[in-house]
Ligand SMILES: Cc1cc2nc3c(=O)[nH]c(=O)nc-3n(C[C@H](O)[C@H](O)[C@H](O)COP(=O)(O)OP(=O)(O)OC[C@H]3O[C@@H](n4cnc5c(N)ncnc54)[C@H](O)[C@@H]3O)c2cc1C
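A lone chain, given as structure tokens: the form predicted alone.
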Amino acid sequence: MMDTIVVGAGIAGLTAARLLRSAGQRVVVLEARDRVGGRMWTDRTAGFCVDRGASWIHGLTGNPLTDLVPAFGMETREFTVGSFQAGGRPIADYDESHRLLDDDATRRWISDVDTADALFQRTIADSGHDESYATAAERTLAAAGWKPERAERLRTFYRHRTEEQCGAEVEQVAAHALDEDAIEGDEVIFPGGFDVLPHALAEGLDVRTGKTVTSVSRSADRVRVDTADESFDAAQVIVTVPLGVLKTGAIAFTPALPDAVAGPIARLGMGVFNKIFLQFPRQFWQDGVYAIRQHGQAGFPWHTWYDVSVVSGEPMLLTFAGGNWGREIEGMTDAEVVASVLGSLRKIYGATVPDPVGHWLTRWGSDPLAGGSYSYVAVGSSHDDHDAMAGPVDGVLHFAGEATYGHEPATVHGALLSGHRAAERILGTPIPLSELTRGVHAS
């Protein structure tokens, strides 16, 4: 019999397992995939790193990853538009007729976003949990009193913001969904791949891959975890599978989860946010820009491309498909998706856009071990639901993962902190995060 069973070898699960083992516990990690990392997945088949899952540290200030990453010997590059921003770093902005905004027009655009966001915060302060981000945006734009074209540009910006930050449509997202979305400090990406982190955390742990958990049964003093071919007993269990998996009922809980946990699982949303990387034979876009952005209705279905050449050393753009469009492309072929992206780019740059020499697409929504990309506060839910979902239940069942951390959901550091919290609850004592680096060999 183990002290603790951890279900899922993503960042939350590995963090919890590592801290518990450091405290002397006997811990086993059960992972359905054939690898660790979960939604953190680096593809190296091309000879360079393509992060198909998590890519960024979102805000270095006050972030636990800021100290952990260098301790693991991970190389970083500054890239501070990983969250959906109007400015902050050079962005090539194009108007509704595909014309590049000049410096004055760009400054006016960024000022408009700042002005609207300030109004938006006052609007949201008066919003309830049943009001959508879309409704709050319309009230904000009405209060601004702007002409239709100016208001429409902001309207589409807010729509794209929720697609990227939540993986959902603006009508599905609660007005308060992005309350915790402030980014403090620069952002960074990883030329050597972000999955170095979970591999480092997994070092020395008892991680058993290919073990899909089907049920978790609990009593007052122990739990039993069943897979297709094996059962495990322990005093405690931490379930860290994505919210999308919990929503499908793929794991049976006996007794059934109380409403204090089942309610948040039902109310919170699981977004779909897919990546499309295109590697080109040559660079055709401007030097020195972090991103290319198409404004207004011309920005549907593709609106923003990020120059991630710094990671691969090859001319490469990354774009995203979120919400309904993100789900729709999962039913398309790679060739159809690539052709669609190129069609939008060629409206901006014309025939100078060459065919790509490589491409990578993700389909997180149809992945049964993910059920989507990350969680969001849906209409009718709140940030409190994230934390309530963590439990514990009957003192023996805990939940962790980005969806359980209300202050920083949908982030790697949120997942890490949720695993830290679960370990502290089991041990009943504070644990310094520095324990995570004990015994780890820097790559």
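Residue positions are given as counts along the sequence shown, with the first one as 1. These numbers come from a predicted model, not from an experiment.
The form predicted in complex with this ligand is left out here; the points below concern that form.
Though only this chain appears here, would Ala9 touch this ligand in the predicted complex if you measure heavy atom gaps against 4.5 Å?
Yes - in the predicted complex, heavy atoms of Ala9 and this ligand come within 4.5 Å of each other.
Please determine whether Val308 contacts this ligand in the predicted complex, using a 4.5 Å cut-off between heavy atoms.
No, Val308 sits far enough from this ligand in the predicted complex that none of its heavy atoms falls within 4.5 Å.
Decide whether Thr240 counts as a contact residue for this ligand in the predicted complex under a heavy atom distance cut-off of 4.5 Å.
Residue-level check for Thr240: yes, a contact with this ligand.
Contact flag, Tyr374 vs this ligand in the predicted complex, heavy atom cut 4.5 Å:
Yes.
So in the predicted complex, are Val50, Phe79 and Leu278 all sitting within 4.5 Å of this ligand, heavy atoms only?
Answer is no for this spot.
In the predicted complex, which of the listed residues (Ala32, Leu68, Ala390, Val379) lies with a heavy atom within 4.5 Å of this ligand?
By the 4.5 Å criterion, the partner-contacting residue is Ala32.
Judged by heavy atom distances of 4.5 Å or less, which residues of 204 to 227 approach this ligand in the predicted complex?
The stretch 204 to 227, when checked against this ligand in the predicted complex, contributes Lys211, Thr212, Val213 at the 4.5 Å heavy-atom cut-off.
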